[in-house]
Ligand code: LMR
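Presented below, as structure tokens, is a lone chain in the form predicted alone.
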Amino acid sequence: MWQNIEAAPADSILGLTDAFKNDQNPQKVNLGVGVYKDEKSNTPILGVVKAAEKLLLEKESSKSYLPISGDPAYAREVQKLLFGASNEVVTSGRAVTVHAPGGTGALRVGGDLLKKFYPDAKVWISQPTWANHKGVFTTAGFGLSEYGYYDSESKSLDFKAMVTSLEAVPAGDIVLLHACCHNPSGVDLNAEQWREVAAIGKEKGWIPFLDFAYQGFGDGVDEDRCAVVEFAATGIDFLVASSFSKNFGLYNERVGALTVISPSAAEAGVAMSHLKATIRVIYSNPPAHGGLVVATILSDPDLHKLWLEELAAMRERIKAMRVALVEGLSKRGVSGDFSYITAQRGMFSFSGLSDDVVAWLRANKSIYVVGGGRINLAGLTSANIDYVCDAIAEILSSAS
């Protein structure tokens, strides 16, 4: 069956991890895949997750299917986290939430849902964006276009280009937006800019689809929901795909959610009926464990408080590594201003390293960086930061 078929290319990021695992260099460093690492280069299970799992183990009485949309308690807690418990969207009932298998699953469910009713629409993605966005939406049957976002010269947001692009998006097209901690650049909009983008969406009639995979990794849980709140205030239809892989460390549980926000509760009810029909033919029912862990933590005041503390510790460690990298390069006399790295948010940074430098780091130092120079700051630790800075300084000095 497969003898005349070429093998599919490896995923650009996960394939890098496979190469890293096979590397025998004891000093190897993985700055590629978007997974949080602690100071010992481990991806830990949060203490609050262990506590919630203990509670679930004690009270769990069945392994029966969840509803197609997932556990109702999970949906309620997701909405409170996304919007704030007192937000009008939550209290009015004009949002519906389904438990999806990870943020990627939420994006795909949303793509399939939208394709039913907007078959001729295009999906607009930022330039650049997470590589898998393209695969998810082209596989759902959409054509893609790009909107301006990142200025590679200034290493900052090109908001003027973004606005110009979004004002030209036709009504009925879909605009995919990174709610915070933009992947891969780490460059985000501020509150005023999000307000302007939301107003453009309302005026032009395109459909906002927010990818919200890193809530709490930017400035904090409340601060990071700014984009979602601004779109909610417009009263228009939009979608939010959210994930608990990063902020709960539940990577292998595949815990995500798709929330559809409508102008009224009645319309939201119609949306839910079609969400269920869409899910039924893809995976039928969501996995239970991870979602129940999240619902348990968010609904228990003591566990919720502990989660916020552990999340803050992860966020602050990443920020500290940003500073350490910039200061380390400066101390080694590397030419150029790398301070833009400290202004970026979340796990990722467009480091400014060229593909030639990226290839040299991998071949000569076993330092793995995604093409385009995107690095995962969580891969840096106090044990490897000097090695990484020395390597970057060596290649940049020889190149100059």
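A quick note: this is a predicted structure, and the numbers were derived from the prediction, not measured. The first residue of the sequence shown is number 1, and the count goes up from there.
Heads up, the form predicted together with the ligand isn't pictured, but that's what we're talking about next.
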Among 50 to 58, 356 to 364, 27 to 35, 336 to 344, which stretch sits within 4.5 Å of the ligand in the predicted complex, heavy atoms only? 27 to 35
Complete contact of 13, 246 and 374 with the ligand in the predicted complex (any heavy atom, 4.5 Å): yes
Residue within 4.5 Å of the ligand in the predicted complex by heavy atom, from 296, 183, 165, 126, is 183
Looking at 217, 307, 150, 130 here, can you tell me which has any non-hydrogen atom within 4.5 angstroms of the ligand in the predicted complex? 130
Can you tell me which residues in 323 to 361 come within 4.5 angstroms of the ligand in the predicted complex, by heavy atoms? 348
